[in-house]
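Only one chain is included here, represented as structure tokens and corresponding to the form predicted on its own.
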Amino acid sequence: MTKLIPPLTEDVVRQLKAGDEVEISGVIYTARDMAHRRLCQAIRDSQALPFDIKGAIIYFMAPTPARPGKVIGAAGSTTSSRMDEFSPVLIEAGLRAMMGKGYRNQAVRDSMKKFGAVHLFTIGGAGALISKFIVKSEVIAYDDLGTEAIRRLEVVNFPAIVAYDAASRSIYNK
């Protein structure tokens, strides 16, 4: 089990291999399709991003509402390929890891290899279980997107598996 504490360095990321189990403790961010579109537009327009993307981890997730006394609702991952159009721009800007479920296209994999990033797999359908590793959640940008707003999460021992590593190896047959 490899312990990861963001922000991640390129050296740390390049040591990870497809199939490695990791536990993340520290700050990660959530973003889905529309938030990705806005982040990429901000980069193209040379505007400041709502968080420091260098070394960051983005989790492809939009939570359900939190029940009373809970930090967050179910926090399961969404389909990663929905972010394929945007990921190369963010990786080039310094993003080191993404988390979600499913495959990534060749352009994303090429960007991960060139700039030193990985894609982490989280178990789909286990949102209630995964939420137990989240100790703090706050919306930091794009609150007009509702549950898809960008959130800053503090996580402790958040489990994931390296699905695609920075050398283009994969746990999938693709």
Partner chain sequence: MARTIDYQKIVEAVKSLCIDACYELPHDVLDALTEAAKKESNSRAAKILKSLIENARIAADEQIPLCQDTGLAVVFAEIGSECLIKSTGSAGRTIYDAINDGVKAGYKDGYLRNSVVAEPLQKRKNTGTNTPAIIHCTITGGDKLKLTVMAKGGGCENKSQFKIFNPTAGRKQVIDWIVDVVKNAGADACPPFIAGVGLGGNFETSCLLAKKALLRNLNEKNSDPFYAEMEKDLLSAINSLGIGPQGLGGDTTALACLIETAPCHIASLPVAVNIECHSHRHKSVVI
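In this text, all values refer to a predicted model and were calculated from it rather than measured experimentally. Positions refer to the first chain, counted from 1.
In what follows, reference is made to the form predicted together with its partner chain, a form of this protein that is not presented.
Contact check for I53, S87 and R169: none of the three has a heavy atom within 4.5 Å of its partner chain in the predicted complex.
Only one of the listed residues (A107, L129, V139, V135) places a non-hydrogen atom within 4.5 angstroms of its partner chain in the predicted complex, and that residue is L129. Stretch 60-68 is the answer when you ask which of 22-30, 110-118, 60-68, 41-49 has residues with heavy atoms within 4.5 Å of its partner chain in the predicted complex. G76 belongs to the set of residues with a heavy atom inside 4.5 Å of its partner chain in the predicted complex.
Among heavy atoms of G94, none comes within 4.5 Å of its partner chain in the predicted complex.
Interface residue remark: V156 is not counted as part of the site for its partner chain in the predicted complex, having no heavy atom within 4.5 Å.
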